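Just the one chain here, the form predicted on its own, laid out as structure tokens.
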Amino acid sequence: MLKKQQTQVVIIGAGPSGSVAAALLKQKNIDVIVIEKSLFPRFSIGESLLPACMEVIKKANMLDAVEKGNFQLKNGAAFHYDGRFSEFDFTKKFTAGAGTTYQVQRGDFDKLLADEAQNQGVELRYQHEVLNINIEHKPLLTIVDKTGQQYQIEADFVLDASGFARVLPRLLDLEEPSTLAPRKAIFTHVEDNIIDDGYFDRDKILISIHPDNSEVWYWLIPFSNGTCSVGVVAKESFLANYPSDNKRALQQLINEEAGLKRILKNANYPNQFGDILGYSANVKTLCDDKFALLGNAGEFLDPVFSSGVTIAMKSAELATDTLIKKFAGETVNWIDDYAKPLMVGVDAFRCYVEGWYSGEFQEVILYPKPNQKVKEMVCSILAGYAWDEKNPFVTDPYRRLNTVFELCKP
């Protein structure tokens, strides 16, 4: 007979959404236990935050710690395609709220948030793994610790913040194919040795597009310690023309994009090269009255606009708001109170991800003489404010994108 413990909420995963959710619940004296399979710090991609994240970080009482974390300031995004260049300053956006954020090495950033959650009284169990869950009555999780000892926790509710591990979608058979085409990302961290010649702004993420294939794009994310995260995203059929070795493939692809070739000419490549294949994901449901999926555990779109952490944190905010009402004795409806509000922003991002790969949104972003009001609305999306329903690019994204594209197309 396994030892059984009880709590109000179990959170699976101590990444950004898990740590933020735990802190928000602890503020309301709701008992919460976080189960984390890894030992922090650990590597993760998704290193360029969006300003909208800062609003949730502030709500979780973690803003001071993040601001003291010595991370690289980020105030916007730059885009380059075959001689065409555009910049978006996130302080010049349609939506009120933070206009700057940070570029972060996720090992350090995630540990900082997890440490802050613990400092606020959250119980966080590293190197514990969820093996099974039974939701027939109250959620009952079977867990194994780092010594191999198994135990159970009975909870009133479970939040899955496990990211790409997607624990509950696997255990509860919730996974569904993504509506987005499968793509592969190859990436590493470099000692960049970039010479400031006015082309590259360390306060912005640089998104570059392959000169011969507009569906292939690169990220360059600078950190405060003189290193950068660099990666490329493409379909496997495109990457089949390149070496199978990730290092050789990425370096060859970098040399095919003139701007990246020039600014990374002195770069050193001391680190391992990683890849993720078929990262986009979807699920049959985001929630019911016993669990909710946060961030990447529910749906992951694409890294092109760095929306992953923002969606994760917004999902943590919405889910904890709903749980706080539930534990206060109020009637809640998880679809109306959590899933539908979350999908407002997810669906807005989806429109622009689809528009990026079809080319329409690239033309809008790179248009040399944009209408300033339209640019401010688009800038709000790029800054992560995809839940601002005062912005017509949120409430009616497909029609608005099509209309603007007709004005911007070559």
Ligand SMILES: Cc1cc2nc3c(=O)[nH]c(=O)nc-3n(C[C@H](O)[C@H](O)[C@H](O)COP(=O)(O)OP(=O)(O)OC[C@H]3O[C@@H](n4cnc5c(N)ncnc54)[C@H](O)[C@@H]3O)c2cc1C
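Computed from a predicted structure; not experimentally measured. All residue numbers refer to positions in the sequence shown, first residue = 1.
The protein also exists as the form predicted in complex with the ligand; that form is not presented, and the subsequent description refers to it.
Contact residue in the predicted complex, from Tyr81, Phe327, Phe164, Phe238 (heavy atom within 4.5 Å of the ligand): Residue within 4.5 Å of the partner: Phe164.
Here the chain is shown alone; which of Thr322, Thr95, Asn296, Ser208 has a heavy atom within 4.5 Å of the ligand in the predicted complex? Among Thr322, Thr95, Asn296, Ser208, a heavy atom within 4.5 Å of the ligand in the predicted complex occurs only for Asn296.
Tell me which of 145 to 153, 246 to 254, 164 to 172, 208 to 216 has residues with heavy atoms within 4.5 angstroms of the ligand in the predicted complex? It is the stretch 164 to 172.
Indicate whether Ser44 is a 4.5 Å heavy atom neighbour of the ligand in the predicted complex. It does: once the ligand is placed as it appears in the predicted complex, Ser44 has a heavy atom within 4.5 Å of it.
In the predicted complex, does Tyr279 come within 4.5 Å of the ligand, counting heavy atoms only? So Tyr279 counts as contacting the ligand.
Any chance Ala292 has a heavy atom within 4.5 Å of the ligand in the predicted complex? No - in the predicted complex, heavy atoms of Ala292 and the ligand never come within 4.5 Å of each other.
Taking 4.5 angstroms as the cut-off for heavy atoms, does Cys228 touch the ligand in the predicted complex? Flag for Cys228 set to no.
Counting only non-hydrogen atoms and a 4.5 Å cut-off, give the residues of 114 to 141 close to the ligand in the predicted complex. Sequence-ordered list: His128, Glu129, Val130.
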